[in-house]
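The data below hold one chain only, encoded as structure tokens and taken in the form predicted on its own.
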């Protein structure tokens, strides 16, 4: 499948505010110049556009400069199962490394700008940059950890615990971008949240309403303000009885 990332823009790792998140801080200027010759940057991709499909050959991983991405797989009964949400500064597409074929499909949740990192060329460069190789191995390990966290999330007994955990995850990830950890816009729909958490859309909506009534959050459609971070955290980590 032809990549949707076209029309290269005059942006680079030197002036990207997200480079501190997706690249090791210790890379020097000459190393960044070498990476800039490999990384492909395209114009923003519109909402609900495919980046790759499950079954496509694995050629690259992708870093998000702005916007958000959803990954999902198709279950045996043909239904969609959301497997992850990705925010600016995060890298996705690792699912294709194992057998050189993507197991997931990735789509944009909103207008999104990406950096495409051709994996074959990255491997060539990383052999001469041990710090870069180590950093990307750490990111791959983090992706595996995220998969385990999802399993743990679905094992939580209540819908409130699952939704609270997701909000806290988004909060901490935005904080790493030096953005507000308590006021943000959800890029995904209630249906996507429900699919990801194993809940119905109606249940997700009821939980948000309940959180508002408990003065944990303020919610206006997709706009979220966490007004009691400690209370939300206590709910997410409620001990089993």
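Everything quoted here is computed from the prediction, not taken from an experiment. Residue numbers count along the first chain shown, from 1.
The same protein also has a form predicted together with the DNA, omitted here; what follows describes it.
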Interface segment, criterion being heavy atoms within 4.5 Å of the DNA in the predicted bound form, picked from 175-183, 36-44, 204-212, 50-58: 204-212
Single option in 139, 159, 132, 82 placed near the DNA in the predicted bound form, where near means a heavy atom within 4.5 Å: 159
4.5 Å heavy atom contact, residue 32 to the DNA in the predicted bound form: no
Partner proximity in the predicted bound form: residue 189 to the DNA, non-hydrogen atom cutoff 4.5 Å: yes
Residue 66 within 4.5 Å of the DNA in the predicted bound form, heavy atoms: no
Touches the DNA in the predicted bound form: residue 199 (any heavy atom, 4.5 Å): yes
